[in-house]
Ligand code: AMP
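Take a look at this one chain, the form predicted on its own, written out in structure tokens.
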């Protein structure tokens, strides 16, 4: 029988990060697992790699991303980070590594990063494994965020590996898995922080040049003189501030609480990844805290903008070795305004308006938040209902707007709903006929009918545990994409 090459192994892998040299990583090998069952494959990502999904078999995924044949050794990346505000120099890839890097058809460089692939020099006594539930949760989180227009890493595959793991935060023994994360970069704020800790200005500059070359190519000029290079470095930091402000606004508008916004979980490309015990909020509550171990609420839902600002401020410490601190401070001073502008825009998308924010539309956003706060109705449910019930006829009479709503019960809530309808109607009157026609599409783009709050995730996990029934999990993913 003719044997065809594995298309995942035949990709044109680029030694981009490897080219930096061993000051930035350790070579490692993957663990050997007793079992390999492909539980998830992300066929939506394959065309970005130039691969037709029909041409990639489940066996190809298992060979490449479960058995890890063909490309070893792999690279465990070195980094430090501020964890809950305290500096930790004992970090690094402890249960994953950089599998490889591939240029997509869109021109961007993508990482294949593992999670649960075995021990490394940075495992700190851990087993280097990922629980199956942890893998399931990250698949759900990343696919939901992508569906809602958030700049995020995604999962390329999830393979169950047949081991029994013991964890303090899950009923144990629990099942094991290995995941491949598809990301624009796994270089973290903490990658730079480690080099500052070591006093290696030369390595900071080398890494920054690498970041510009591969992730900010519009700022990179290998022939630039020192003055122009310094300008490019400052522009990089200013752009990173803008990216992080926009990303944070996307999280908050989506009702997403990252849970563990340590600097080692912040990407240098301004992309979300590695969420920990994330959660989507059920009701609008700025103090909602996703991580059970976040006793002070440091990483609560409403504190995410302040934390991302703080993380960017901490990044100035290593970068000041090569970038003027005054220029970074000036760039960071724009964060609050950039976040606010991006947040208003994201919320207007969720309300169906694709036009830039105006005083009237900003007032609508504020009125919406007041209504959600006062009624404590379902945050995702409110926007799902808005999407389902929307009609251009709402422009004719304000009382038609969400006229099926039953969440306003007290006099105060009923009054607030009436005021919200009047403000929404006012904004509808300011839209052109063409914009009104496009509102249903905008609402659908930013408001899935199902957002996986925690009870939904538990509801799909229970059949997996009890019956090895994966259909509810796949059905949830289908619903999220609708």
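Predicted model, so just to flag it, every value in this text is computed and none were measured. Positions refer to the first chain, counted from 1.
Although not depicted, the form predicted in complex with this ligand is the subject of the following passage.
Proximity to this ligand in the model of the complex, defined as a heavy atom within 4.5 Å, holds among 361, 265, 161, 346 only for 265.
When this ligand is considered in the model of the complex, only one residue from 124, 151, 103, 205 comes within 4.5 Å through any heavy atom, namely 124. Partner proximity in the model of the complex, defined as non-hydrogen atoms within 4.5 angstroms of this ligand, places exactly one of 222-230, 83-91, 335-343, 370-378 at the interface: 83-91. When contacts are judged by a 4.5 Å heavy atom cut-off, residue 237 does not count as touching this ligand in the model of the complex.
Within 4.5 Å of any heavy atom of this ligand in the model of the complex lies no heavy atom of residue 270. Put simply, residue 79 is close to this ligand in the model of the complex: some heavy atom of it is within 4.5 Å.
Interface residue remark: residue 274 is counted as part of the site for this ligand in the model of the complex, having a heavy atom within 4.5 Å. Residue 167 is the only member of 154-170 with a non-hydrogen atom no more than 4.5 angstroms from this ligand in the model of the complex.
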